[in-house]
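Only one chain comes next, encoded as structure tokens, the form predicted alone.
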């Protein structure tokens, strides 16, 4: 059997990832909002000094946090409906620019260095509002609530004017910057980014085997990350596990921890099946 070229491997990875994203978007679109409802529930109960019960929201939150600790932000890169929407919007925008022979709007990384902290500020503000029992007063300003309503076929958005406007701004941002929402606006992403990740399954590289002066992996990374050295615990919570760095490396030097390169596709499918099974079991 003829060995696949790096270009063929990249194409297969792209198709497999897009297929997984589409399946989760169609079958389990509410996983993101359900998990974040668990965060809001916990801090609302803490605010009124009531016991926290293991309801479906908290269970799904716990499942995704445990999964993230084990496999990194695979959920964000493959299964989150908001993340998948962002990838689709970005792809359509680039396709339109290519067809019209127009240069896409440039996104300055200096903006990213500041905006990367915005999602933590949003998370803190929501937690504080829940703790104080005031979240219901700003419910109409939530873009993810609007997104959930649209996905569910509910177009009665009269009370969600601010949320609808914010969602529109986010969609525009998704077109101009890859993973705009995930990097800068997602409060659930902020929670995931704070989680430790086991090195055994994280994306790593062996630097001494890299081509001198090459920065291909960083240039294709949606989060503009430097990969950690193989075997070190220095793992960024901003990595979405998209795998783009694996297929741009001229030395094929990037891999998931201890997972052999030849099992990469199998590893992706195993993670997908496990995540889907856990979400269904938890009641999404």
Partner chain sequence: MNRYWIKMLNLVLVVGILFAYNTTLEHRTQAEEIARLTAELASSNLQLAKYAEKTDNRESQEQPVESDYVDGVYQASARGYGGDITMELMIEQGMMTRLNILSAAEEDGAYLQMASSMVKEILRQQSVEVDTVSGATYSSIGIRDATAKALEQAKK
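Residue numbers count along the first chain shown, from 1. All figures in this text were calculated on a predicted structure; none of them were measured in a lab.
This protein has a second form, the form predicted together with the partner chain, left out of what is shown; the following refers to that one.
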Within 4.5 Å of the partner chain in the model of the complex, counting heavy atoms only, one of 48-56, 242-250, 255-263, 214-222 shows up; tell me which.
48-56
With the partner omitted here, the residue among 195, 91, 172, 166 that in the model of the complex has a heavy atom within 4.5 Å of the partner chain is 195
Ok, 148, 84, 142, 204: which has a heavy atom sitting within 4.5 Å of the partner chain in the model of the complex?
148
Would you check, heavy atoms only and a 4.5 Å threshold, whether residue 68 touches the partner chain in the model of the complex?
no
Residue 199 within 4.5 Å of the partner chain in the model of the complex, heavy atoms
yes
Answer yes if any heavy atom of residue 154 is within 4.5 Å of a heavy atom of the partner chain in the model of the complex; otherwise answer no.
yes
Classify residue 228 as contacting or not contacting the partner chain in the model of the complex by the rule of any non-hydrogen atom within 4.5 angstroms, answering yes or no.
no
Give a yes or no on whether every one of 22, 109 and 270 sits within 4.5 angstroms of the partner chain in the model of the complex by heavy atom.
no
Of the residues spanning 251-284, the ones with some heavy atom within 4.5 Å of the partner chain in the model of the complex are 283, 284
